[in-house]
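Starting off, we have a lone chain in the form predicted on its own, written out as structure tokens.
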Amino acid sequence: MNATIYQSAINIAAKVGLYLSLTMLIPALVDLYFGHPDWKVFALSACLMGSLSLVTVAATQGGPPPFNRKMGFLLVNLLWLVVSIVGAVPFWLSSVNLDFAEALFESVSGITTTGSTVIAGLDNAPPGILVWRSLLHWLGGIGIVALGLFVMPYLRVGGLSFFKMESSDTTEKPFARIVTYTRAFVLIYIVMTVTCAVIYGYLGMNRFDAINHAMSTIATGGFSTHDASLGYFNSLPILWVATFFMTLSSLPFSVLILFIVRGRLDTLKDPQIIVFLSYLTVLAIAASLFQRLENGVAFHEALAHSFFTVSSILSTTGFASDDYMLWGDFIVALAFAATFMGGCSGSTAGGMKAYRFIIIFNSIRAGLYKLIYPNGIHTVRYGKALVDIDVQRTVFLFFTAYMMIWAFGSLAMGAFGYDLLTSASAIATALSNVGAGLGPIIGPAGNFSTLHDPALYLLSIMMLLGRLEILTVLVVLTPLFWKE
């Protein structure tokens, strides 16, 4: 590979590392405001990582980067790796006493908006650390949407543009200029966050909790300022508000932009939106009925907690209102299945995503029709758009790689000494960027603080694999990628 590509990728990654270092001043100011000595940790981290990034930028300065597909793959992987390491430094140096494996895990979980945590005692944690976790979520959410809308379609390994597959040859875009589109997205992202925070505050959260939970909600991250997550507030209205914003953030931002800015009602007909909302509703109502009939929970409470829990899992947010492990085996099985499903492409949600299920279903149906009528023409469509064979191949490749990595990862967790439920759900929740797993250790009532360092490193890799759509990482591990 051309050395200029390495230089350009490192230069861009270093610049992003510099920007992230500057944001460390925000939690430093928060700690300083509350009189917590950890402000020095953030100030020191900002200086160290900022200086290192600045030196790297100066050392790799050159002409415009020769952007091509190899450059894209390398840059995406390098960016997320650098951001994860830079984000880990304050955790490592802070008074929460995390070793590097734990600090890296917390950082990766934050920036990938997974929401799994190794920090116990959040209610008494330094305010700067709590803000840093939420900031990583919020900034990661912006990066995730940009990745899904602008980068993945170009690399043809994931992402779905507005009513178009990533390999489409048409030039229709939501906006004529990418700058206009980006500005609209960032503005809507900020407005959604502020609106969510204001409503949380109106419903009883203090200002600090409202801002932190709003950033986690809109980013579909799941980090909370309390060990009991949203269950701490014991408020059904808060659960319904969280459900609404988690679901909204699971929809394609390209659709939200066209709907909000241009009033395009037809955008809501995107097939993945219909499928996502359909399986969310079915699963939530099924959980509600089970809670009412089997556990005798009042229906309005069952409905609120069920919709919140299902939305939290499908949107891959990971908030909890209760320990649903105690609701019954049916709910546990439902939660495990939902962990794999995810939200829509072009959103902050993770998982396999609804559009892939649509393509897989239509591909299987077309294949079966072909067996019946071998001379017929049986196309695979996404809505009205024709899905070409390359896209079908990529979707099935992703699905196969996803299941194989989940299986091997579960075996590796088992080799570390963990039980089957913990192992299988830990890998699943990391790959899907959901947050909470199943079982007494990493379930909704627990956290990842008791896991050993090798397991934390493995799960950190899985979170990055899942967030980067797996194939983006696997492709740089092939020998062919590094050849000229």
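Rigid core (definition): largest C-alpha set, two forms, superposition within 1.5 Å. From 1 onward, residues are counted along the sequence shown. Being a predicted model, the structure only gives us computed values, none of them experimental.
Another form, the form predicted together with a further copy of the same chain, is not on view; read the next lines as being about it.
Peer 1: For a further copy of the same chain, considered in the predicted complex: do all three of Ile364, Asp390 and Phe408 come within 4.5 Å of it, counting heavy atoms only?
Peer 2: All three within 4.5 Å in the predicted complex.
Peer 1: Determine which one of 371-379, 342-350, 109-117, 259-267 lies within 4.5 Å of a further copy of the same chain in the predicted complex, judging by heavy atom distances; exactly one does.
Peer 2: Single hit among the candidates: 371-379.
Peer 1: Report the residue, out of Phe73, Phe233, Phe185, Trp92, that has at least one non-hydrogen atom within 4.5 angstroms of a further copy of the same chain in the predicted complex.
Peer 2: It is Phe73.
Peer 1: To verify the annotation, which of these, Leu386, Ala228, Ala337, Ile274, has a non-hydrogen atom within 4.5 Å of a further copy of the same chain in the predicted complex?
Peer 2: When a further copy of the same chain is considered in the predicted complex, the option within 4.5 Å is Ala337.
Peer 1: Heavy atoms within 4.5 Å of a further copy of the same chain in the predicted complex: does Asp419 have any?
Peer 2: Close contact exists here: in the predicted complex, Asp419 approaches a further copy of the same chain to within 4.5 Å, heavy atoms only.
Peer 1: Even though the partner isn't displayed, in the predicted complex is Ala58 close enough to a further copy of the same chain, meaning a heavy atom within 4.5 Å?
Peer 2: Residue-level check for Ala58: no, no contact with a further copy of the same chain.
Peer 1: Though only this chain appears here, would Ala401 touch a further copy of the same chain in the predicted complex if you measure heavy atom gaps against 4.5 Å?
Peer 2: Yes, Ala401 lies within 4.5 Å of a further copy of the same chain in the predicted complex.
Peer 1: Do Ile360 and a further copy of the same chain come within 4.5 Å of each other in the predicted complex, heavy atoms counted?
Peer 2: Ile360: contacts a further copy of the same chain in the predicted complex.
Peer 1: Does anything in 316-331 come within 4.5 Å of a further copy of the same chain in the predicted complex by heavy atoms, and if so which residues, in order?
Peer 2: Residues within 4.5 Å: Asp329, Phe330.
Peer 1: Relative to the superposed rigid core, does the CA atom of Gly121 travel 2 Å or more between this form and the one not shown?
Peer 2: No.
Peer 1: Could you check, with the core superposed, whether the Cα atom of Pro374 shifts 2 Å or more between this form and the one not shown?
Peer 2: Superposed on the core, Pro374 moves its C-alpha 2 Å or more between this form and the one not shown.
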